[in-house]
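Have a look below at one chain only, the form predicted on its own, in structure tokens format.
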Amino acid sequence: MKFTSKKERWGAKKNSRVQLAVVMLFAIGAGLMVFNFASTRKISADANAAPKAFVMTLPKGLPADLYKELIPKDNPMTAEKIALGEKLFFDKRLSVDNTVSCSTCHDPATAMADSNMVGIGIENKKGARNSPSVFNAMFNEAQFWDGRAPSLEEQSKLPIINSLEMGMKDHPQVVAKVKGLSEYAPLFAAAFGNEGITIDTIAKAIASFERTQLSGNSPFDRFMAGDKKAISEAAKRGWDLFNNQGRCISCHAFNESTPFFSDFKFHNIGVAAKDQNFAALARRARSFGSDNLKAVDELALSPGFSELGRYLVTKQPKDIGAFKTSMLRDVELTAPYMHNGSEKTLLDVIKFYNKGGELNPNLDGGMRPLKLTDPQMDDLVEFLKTLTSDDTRRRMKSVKPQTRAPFPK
């Protein structure tokens, strides 16, 4: 990166120091500093200092080599960028009516997910998709339930301009609004130098913060590391069922290199497929000319069209009704489940799989009745609970749930 002069890049030193200090005090005082490690809080308030490279210490069970590999070359991690991204993530002013933020649907008090069936945006508008956890999202091969965004950077640009979420008209309006908030100018200067405030730097900052949101250090991780007493006998039976009769591992893949319990592929398992005429929906979707990402994003959250799943992205008939295999870490904490929040408990999810899903013309060939007994299904639930991070559980107890700002009169 080429820098201009210190004066051009950093602005007035005294003002920048004050603004940076205010932001850090605001974040800490509001209980929003949800980084996993205390070292990330030691962010210099010296406006003349170059951005500091940030090195993440990963929790037990996550692969450091993969983490490093997935940091984009054009968006390296710095402490200043992460702090800015956190502020943006929790700032309701990024919505058109100043009522919701990213954290409204991705709340640290609910494991960076949402306890509602589907996301609820401005003016209490309901979407059609459940809000997945941000934890470990950086390891996804593509973002959203249908994979319509290739990266965290591209993903973060869409909810802000979706009419059912944060409701801004377009990205120029977003940039203009952020530029109009005086405290942001020195923060963007500290994080991005003369790049300034653009939709790309906004997205890069939010994505950088999200890459600090990791979940590991679970009883299962300690079990895999050799502590045979870390999980119960019921959970051990559940782990065996997960790998064998339950056939869970065929899609919720696990190995030491990618220990996230997902193949990151897209499958039609029949969720919400009952009484759906997929062929008619597909024809209607095509008539909307949904070839650009914003149009796909709108359809993805629209009741009815949402059930087309991956098809909205690829336009391939084989992808009708297919959704990404979700990761399972912290799954105990992120109810309700499935892409539409239709299953209330983990046991409900297992019962759905046990019956072989919901029949439809596009049902994945791997779906079939499992013939699990009630005790076996209970054991599977006990296993899934061992994937809960001790750090995540502690964090949930230490933060206040996010609140929605009142609607303007």
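All residue numbers are counted from 1 along the displayed sequence. Please read these numbers as outputs of a predicted model, since none were measured by experiment.
What follows is about the form predicted together with a small molecule, which we do not show.
*Asks:* Can you pick out, from Val174, Leu187, Ile206, Ile231, the residue that has a heavy atom within 4.5 Å of the small molecule in the model of the complex?
*Replies:* Spelling it out, the residue with a heavy atom inside the cut-off is Ile206.
*Asks:* Just to be sure I understand the contacts: of Ile320, Leu281, Val313, Ala300, which is the one whose heavy atoms reach within 4.5 angstroms of the small molecule in the model of the complex?
*Replies:* If I apply the 4.5 Å criterion carefully, the residue I get is Ala300.
*Asks:* Leu370 versus the small molecule, in the model of the complex: is there a non-hydrogen atom within 4.5 Å?
*Replies:* Residue-level check for Leu370: yes, a contact with the small molecule.
*Asks:* Under a 4.5 Å heavy atom criterion, is Ser101 part of the interface with the small molecule in the model of the complex?
*Replies:* Taking the distances in the model of the complex, the answer for Ser101 is yes, it comes within 4.5 Å of the small molecule.
*Asks:* Considering non-hydrogen atoms and a 4.5 Å limit, does the small molecule approach Asp364 in the model of the complex?
*Replies:* Judged by the heavy-atom cut-off of 4.5 Å, Asp364 is in contact with the small molecule in the model of the complex.
*Asks:* Would Thr201 count as touching the small molecule in the model of the complex under a 4.5 Å heavy atom rule?
*Replies:* Contact with the small molecule, no.
*Asks:* Specify the contacting stretch among 74 to 82, 179 to 187, 212 to 220, 112 to 120, defined as having any heavy atom within 4.5 Å of the small molecule in the model of the complex.
*Replies:* Residues of 112 to 120 come within 4.5 Å of the partner.
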